[in-house]
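Here's a solo chain for you in structure tokens, the form predicted alone.
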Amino acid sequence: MKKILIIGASSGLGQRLAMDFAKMGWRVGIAARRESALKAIKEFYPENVEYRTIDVTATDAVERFNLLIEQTDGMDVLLFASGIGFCDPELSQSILTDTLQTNVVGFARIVAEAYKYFRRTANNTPGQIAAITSVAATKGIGISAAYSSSKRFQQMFLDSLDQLAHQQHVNVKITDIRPGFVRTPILKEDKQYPMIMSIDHAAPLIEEAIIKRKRIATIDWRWSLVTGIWRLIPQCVWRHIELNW
């Protein structure tokens, strides 16, 4: 039985992916801040699911993550699905701090600990580190500066671990999952978003990327085209483009 740990499983994509992998027969360790949501998932699949509350910004996050690995009897895949993001053209200090603490510091601490776990164990059984980043990392987005730059950090960190694994001969695959807009609680219900996807549409594509151990997966093909065009736009032009999300 394969084992996956999902950080950020209390709602949205993380919750759906946890349910789906448990339904597939995987052993699933789930974590988030809200215990009630985690407990509800375990009640659906009591034999497959273990849970532990983890706040990735807390000082004990790494310790609690390692306890969840033990509780799940090991780990074949880490999926980091935790994250926050805001449209913040006013550059609020509280939003900046919360975004960077979660998407940069919390992300790096958990993912680095997973890498060290696989460095100890993956020569026998291949490991995988997957993370949900974002198409927002393609370019700096002025109205979401902290979010887009934090997602760029995540992608660079994954790139760095991929190189490090090669240099250290660690048998671990890195999977960078880059979705566009998905209708989850992180988005405002009263706003219109371009090419927005339902969880029913996005979740199977993400699961396929994990199961096939893809290096990079942009979700979905429309966003792959859009981000390909974005990369071709020089900064002197990009700075004049107004995005109202």
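Throughout, we count residues from 1 along the sequence that is shown. This one's a predicted model, so the numbers in the text were calculated from it and none came from an experiment.
The following text describes the form predicted together with a small molecule, which does not appear among the structures shown.
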{"item": "Asp220, heavy atom within 4.5 angstroms of the small molecule in the model of the complex", "value": "no"}
{"item": "Distance check, Val49 to the small molecule in the model of the complex, heavy atom within 4.5 Å", "value": "no"}
{"item": "4.5 angstroms heavy atom contact with the small molecule in the model of the complex for Lys42", "value": "no"}
{"item": "Touches the small molecule in the model of the complex: Lys212 (any heavy atom, 4.5 Å)", "value": "no"}
{"item": "Candidate site Ile4, Lys23 and Gly74: all three near the small molecule in the model of the complex by heavy atom within 4.5 Å", "value": "no"}
{"item": "Among 129-137, 87-95, 111-119, 168-176, the region lying within 4.5 Å of the small molecule in the model of the complex by heavy atom distance", "value": "129-137"}
